[in-house]
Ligand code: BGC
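Only one chain is given next, in structure tokens, and it is the form predicted alone.
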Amino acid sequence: MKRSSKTYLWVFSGLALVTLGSLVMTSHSHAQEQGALYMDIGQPLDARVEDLLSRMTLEEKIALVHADSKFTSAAIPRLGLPRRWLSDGPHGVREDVGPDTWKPAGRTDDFASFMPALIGLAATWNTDLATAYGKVIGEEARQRGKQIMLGPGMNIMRTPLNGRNFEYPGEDPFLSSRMVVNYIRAVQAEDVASCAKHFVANDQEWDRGTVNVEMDERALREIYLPAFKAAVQEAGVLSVMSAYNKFRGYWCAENDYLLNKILKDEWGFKGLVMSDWAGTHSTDGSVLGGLDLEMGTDVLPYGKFFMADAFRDGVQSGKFPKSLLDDKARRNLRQIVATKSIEGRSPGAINTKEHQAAARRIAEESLVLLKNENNALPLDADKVKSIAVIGENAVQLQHYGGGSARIKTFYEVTPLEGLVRRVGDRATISYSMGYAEKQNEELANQAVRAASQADLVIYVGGLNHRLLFDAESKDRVDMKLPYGQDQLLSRLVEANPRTIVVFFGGGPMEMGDWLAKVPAVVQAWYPGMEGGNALAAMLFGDVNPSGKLSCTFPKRLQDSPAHALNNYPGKDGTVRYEEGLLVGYRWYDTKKVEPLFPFGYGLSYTRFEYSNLSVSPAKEGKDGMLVATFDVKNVGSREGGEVPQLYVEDLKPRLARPVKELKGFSKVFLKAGEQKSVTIPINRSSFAFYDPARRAWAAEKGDFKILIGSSSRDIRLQDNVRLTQTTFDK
């Protein structure tokens, strides 16, 4: 029976939305359990979980493994377990929705900080900022009473068209791994569980709920799994979300190979696997395939969920072993106990000055300077008397779009607002929209007139979070700029050659003939609530850009591997990853396809020189560890940040490999004239590939090149190393 909303009491205390009856029962029963081992916070986590599990009835265990509203699972008052609240929010804690609907709940206490998109965080190449980012998410989730945050997303950018690319850290598994590990650790340090998603190969939104993904084992292991493996084995993530799609013929939520054999058995994952919303398809498949928590199935009452009454009946009849239910309950209890949901957590914090500062610094370091001809940037505020700001994204609010990533934010500084704050008292700033959803010639004409009358133009365009662009459930239809922006930009630069172009967007965009004519281009991604301030600071030189691309920008869509091989969006319900390992820069570099802007690329207002590379054994001398040491010097006149990147090339691989692969990086900040020694560790995994025949990672003896560069295409230093023996690692 559907619950009446009248039985609920809204309580914003971190437990939220419990029945009046439950309040009484919890108090009484909780007192009865005071002497229980699981109530002793001094006991080991596993001991507390086992004690709690031993006290549970069949019905209570079943209540743990399925939802009882859109974003909750039921309280168990007898044992003092509060209702468990989950929330979307890779970029901030999502607003609350109604118990049985996707419509907003209409609350006034569900605001949150709007952080830069994850693709932008990855573009900082700064793992310390990933920690700062996760701390904001964790503190705000705790204040909002959430026990599990559904993020970070860590799917690989296989195609530039994926509508959710903005939610993910780009195309490279190593960079993704380093960023998400720090993010997850920081969230969970705040007694909030992270949920690594979407496991695995949900790399397109087109037909995401039906498409079957076929890929070889090396591609799975070397490209699509590493970030998840790092989340489990390094970050200790407490939950993982299965993907919508099928993998090798089986739904990811019911995939024994992915969930049981790899995630749980091979990697030793002790946490829970939850479904994506409406991503569950059967009782037998879910129960046996490795799912532990069913969320969002589109059916009421909740007892009709696949892992509700039908699972209970299957246990009672002997169809499913009791031990299987115990395993699922244990995994859910582990998350509950680990996040202090029983004894209660301290209050969190929302939108503090520290959160705002973190959002701004992440935005500043995410900005990628793609072009800067004749030092067009930074601008001199004392010399600019009039600015024509043009483009819808100069005023478009981005926080409430994109699907599950939308945020009800306290504020969002737009680019126009940021520019007015920065120079409005010293320069005349005009604004023209220039384009709209439906092409409008008069808007374009007005913008061109404004451009012709100003000292310079700052154009803010690109993509947005409307459907068919950067939004959940649909992919982009092409890689072109929408709304006639190419034609508009050609007219603007003709009217005023001093046109600075700023793009919002979650991935690559094709750029027209105007690119050769404009002096500067900036990729801003979706920079969050402080984005306008960050952008203005960068344009006027208060901040030196240090972002680097976390994905390759191809010249045209057909150059991208999935599209070059005609393997998107799939045929007859199946998409085949025939490009294998050659994803992103691995494809462009190996196939010698010239990109528009390469992976790892980003300019600065200063220049950096690299020198004195040496590769030597690490001091610890264990496990064949090496270190690459070299100098980086700022030879310009401004303080700035640089990201030296370490790539490894196998000179004589036994199995085909990309020409080079990212295996290390470091972000360094240098004052003008300053030089620093940079050290990047190299271990055996840096040389390894997955050998399907041995079902193991092989680091084979032989010769390798260590390449140090400012991007994947700008290699500054190199050295040769030799492995003297072959090792295998499961």
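Please read these numbers as outputs of a predicted model, since none were measured by experiment. Counting begins at 1, following the sequence as shown.
Below, we refer to the form predicted in complex with the ligand, which is not included among the displayed structures.
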Distance check, Asn544 to the ligand in the predicted bound form, heavy atom within 4.5 Å: no
Can you work out whether Tyr244 and the ligand are in contact in the predicted bound form, taking contact to mean some heavy atom pair no more than 4.5 Å apart? yes
Flag Ser432 as yes or no: does it have a non-hydrogen atom within 4.5 angstroms of any non-hydrogen atom of the ligand in the predicted bound form? no
Taking heavy atoms and a 4.5 Å cut-off, does Leu150 contact the ligand in the predicted bound form? yes
Counting only heavy atoms and a 4.5 Å cutoff, which of 121-129, 655-663, 196-204, 600-608 contacts the ligand in the predicted bound form? 196-204
Residue within 4.5 Å of the ligand in the predicted bound form by heavy atom, from Arg178, His399, Arg208, Lys146, is Arg208
Among Phe503, Phe111, Phe320, Trp277, just one has a heavy atom within 4.5 Å of the ligand in the predicted bound form, namely Trp277
Across 569-593, the residues having a non-hydrogen atom within 4.5 Å of the ligand in the predicted bound form turn out to be none
